[in-house]
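A single chain, nothing else alongside it, follows as structure tokens in the form predicted on its own.
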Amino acid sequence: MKATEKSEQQGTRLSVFKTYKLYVGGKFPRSESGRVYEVTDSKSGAWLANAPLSSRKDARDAVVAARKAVAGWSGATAYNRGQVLYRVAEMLEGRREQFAREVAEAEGLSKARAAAVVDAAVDRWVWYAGWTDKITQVVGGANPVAGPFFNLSTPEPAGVVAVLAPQDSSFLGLVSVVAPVIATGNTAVVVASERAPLPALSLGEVLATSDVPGGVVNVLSGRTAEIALPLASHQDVNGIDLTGAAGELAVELETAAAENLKRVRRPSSEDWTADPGIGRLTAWLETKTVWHPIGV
């Protein structure tokens, strides 16, 4: 064999494709079912990766992890939660190129447009980080009452929230629905976009290497209808965001959620680039009112 031929052979190598996993309880398990499904480029149809196909048991495991994390996360100071969320934004900024590539492949965008979407998602995360220690002042306060009493209202997190991420906005929409849930002290079980789950699964990797405690955010991928129904009917889930559900599925999930009086946010067409306001922050808060006699 000639030296040039040998060097050419030595220089030839196979591409090493990334193996994506679920993110549950701060760890990266494979789906309990052992199943995967093919994720393809939205423009070319080229195979990108295999994503885990979550089962009902994966959904239940994610709820258990989220419930275990509620006490510690909701008990942290709002200022501390803001610091943690800001750290996530720093980590996202450091992996900007990876997310831009994944968003471009997922949504059929140019490199420049995908990079702009990632920048907007990072800014959105920072925006919610800034709200963690301010939302109480907006929705809480002292109430005027007749009688010698103080009457104070303060918001408290609802608990475990299942989030069906938008199907058409794999990263900016994802951040827009997940960040307000955890900013207000709740924990989340996130069902990634069925068609484009890779940015969500990569977000799990960012969360694992940031300061977010395990179980605060859990990311599942697979068939939305298959995963969402056990979450909607789960007695230990306190709220569900139906953003990523279509018409009949949304109705079915809302009916199942009524069994234990879950808070439900119905799906609606949204412009993810618009100012998000505080609607999603207040959606997952309960109001506790305390009466206290005035001393003499």
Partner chain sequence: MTVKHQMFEYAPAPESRAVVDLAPSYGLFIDGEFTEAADGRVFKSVSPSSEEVLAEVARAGEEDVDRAVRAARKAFTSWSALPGAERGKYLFRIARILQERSRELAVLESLDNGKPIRETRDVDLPLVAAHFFYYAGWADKLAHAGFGPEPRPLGVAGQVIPWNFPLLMLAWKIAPALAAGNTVVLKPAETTPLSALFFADVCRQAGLPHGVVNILTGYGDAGAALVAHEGVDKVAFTGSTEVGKAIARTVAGTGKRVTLELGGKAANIVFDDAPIDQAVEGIVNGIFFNQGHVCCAGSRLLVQESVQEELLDALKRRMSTLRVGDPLDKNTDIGAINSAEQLARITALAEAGEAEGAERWAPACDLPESGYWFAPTLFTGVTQAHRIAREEIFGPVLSVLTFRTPAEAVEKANNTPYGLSAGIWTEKGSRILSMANKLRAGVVWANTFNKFDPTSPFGGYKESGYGREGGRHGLEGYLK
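Positions refer to the first chain, counted from 1. Because the structure is a prediction, the values reported are computed rather than measured.
Only in words, not in the display: the form predicted in complex with its partner chain, which the text now covers.
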Given the stretches 55-63, 39-47, 252-260, 24-32, which is the single one in contact with its partner chain in the predicted bound form, using a heavy atom cutoff of 4.5 Å?
252-260
Mark G173 yes when one of its heavy atoms lies within 4.5 Å of a heavy atom of its partner chain in the predicted bound form, and no otherwise.
no
Counting only non-hydrogen atoms and a 4.5 angstroms cut-off, does A112 reach its partner chain in the predicted bound form?
no
Touches its partner chain in the predicted bound form: W127 (any heavy atom, 4.5 Å)
no
Does the 4.5 Å heavy atom contact test between P157 and its partner chain in the predicted bound form come out positive?
yes
Scan 144-160 and note down the residues that get a heavy atom within 4.5 Å of its partner chain in the predicted bound form; none is a fine answer too.
P144, V145, A146, F149, N151, S153, E156, P157, A158, G159
